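Just one chain follows, in the form predicted on its own, and it is written as structure tokens.
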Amino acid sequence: MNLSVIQENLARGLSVVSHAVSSRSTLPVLANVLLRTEDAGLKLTATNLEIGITYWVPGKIETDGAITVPARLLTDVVNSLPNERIDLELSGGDRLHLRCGRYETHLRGIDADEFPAIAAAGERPTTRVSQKVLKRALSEIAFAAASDEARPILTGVLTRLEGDRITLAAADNYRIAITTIPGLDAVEETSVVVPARSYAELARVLVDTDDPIEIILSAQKSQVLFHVEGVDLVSRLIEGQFPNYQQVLPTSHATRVELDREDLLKAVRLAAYIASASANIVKLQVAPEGAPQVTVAAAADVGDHQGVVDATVEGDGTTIAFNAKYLGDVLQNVDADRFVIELNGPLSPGVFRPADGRDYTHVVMPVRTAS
């Protein structure tokens, strides 16, 4: 292997694929990045066996070849080099020689044949979606997935393709987030569960543009590939039946509150300082119709706190308690100027929606309190 690339391009590619590098694997090669000449450039690939990311770096190839080298070490070296041409040459079968200006580095690698194959999901896109639309949806959904592996299905995001609509849903035992976004192609109804970690890495790749990302399902529905220009991300899919979240979505409400998201988030964060010293409980006290305010309160052995947020209230007054973390998560991650909260008393789930009317619903389970 003998080729030349620009330092800036190689550094960008390594920053993308490094998120798929395994940090805890017993296979040493999974801590490496695969470098292979392909399609008039350098193909970088990393995998942790759950996801694999491939990035194409443009370059000038003299001779073809492939090797794997430690990903973190290579990234550190490349990031420290000047933004000039880097010459890469494979010597002795397991050594990569880098030359950039006055700097030369030799890295010992592992044979490319020992690197796991990244299977292709398919040849033709199942559907396409705007990068900007998908990036926003993932930021507002993926955080609600469970991190506990006790129920693996809940560590994923239900992805249902139906016609020209894509519905994403994530849940743990205390909250549910659902959104529906437009796709660019009409497809038959199909559902898969994508690991939330895979979607988190995909969100890093996406940019704020209407240019589409291709979504390609494998025939066996065991893998999904996301393709944007120059980057492929392949993820395994989670087997199993995602819970029927629609059964727990409230269909009516006795109290409707509309308020400024930033004002409520600030009030919740302040109350959470006190709540963290106890059971992390924050209470929302909604004044009855005609009294336009919501009080956010917390109490613990260390003290107590309350803040008042201006609001528009329709219906009954009520008091409901939530875990401050779950309340803060939805307010912090969902991009909206104003929020609507729908309530049915202290023991029923609270429903949070952006006031702009888009198809997004977030349900948070209440906390039972003594008073």
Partner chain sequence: MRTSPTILHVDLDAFFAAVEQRDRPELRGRPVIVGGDSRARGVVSTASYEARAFGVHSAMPLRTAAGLCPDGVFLPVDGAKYRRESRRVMEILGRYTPLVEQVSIDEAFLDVAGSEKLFGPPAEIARRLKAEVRDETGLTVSVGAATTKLVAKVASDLRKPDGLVVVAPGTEAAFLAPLAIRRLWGVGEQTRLILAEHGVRTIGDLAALPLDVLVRRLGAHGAALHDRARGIDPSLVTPETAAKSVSHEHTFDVDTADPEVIERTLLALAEGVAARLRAGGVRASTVQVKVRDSAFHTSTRQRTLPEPTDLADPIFRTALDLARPEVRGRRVRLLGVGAHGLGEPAQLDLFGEEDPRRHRAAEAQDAIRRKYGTHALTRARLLGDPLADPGGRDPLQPLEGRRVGRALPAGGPDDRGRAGRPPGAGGRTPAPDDDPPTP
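Note that this is a predicted model, so its numbers are computed, not measured. Numbering follows the first chain given and starts at 1.
Another form, the form predicted together with the partner chain, is not on view; read the next lines as being about it.
The three marked residues, Ile176, Val363 and Thr369, each reach the partner chain in the predicted complex, with a heavy atom inside 4.5 Å. Although the partner is absent here, Leu154 sits close enough that one of its heavy atoms falls within 4.5 Å of the partner chain in the predicted complex.
For Asp172, a non-hydrogen atom is located within 4.5 Å of the partner chain in the predicted complex, even though that partner is not displayed.
Put simply, Leu259 is far from the partner chain in the predicted complex: not one heavy atom of it is within 4.5 Å. Interface membership of Tyr326, defined by any non-hydrogen atom within 4.5 Å of the partner chain in the predicted complex, is confirmed. Heavy atoms within 4.5 Å of the partner chain in the predicted complex belong, among the stretches 241-249, 70-78, 159-167, 84-92, to residues of 241-249. For the options Asp301, Glu229, Asp111, Asp208, the residue carrying a heavy atom within 4.5 angstroms of the partner chain in the predicted complex is Asp301.
Site annotation in the predicted complex: the residue of Ala117, Ala279, Ala186, Ala291 reaching within 4.5 Å of the partner chain with a heavy atom is Ala279.
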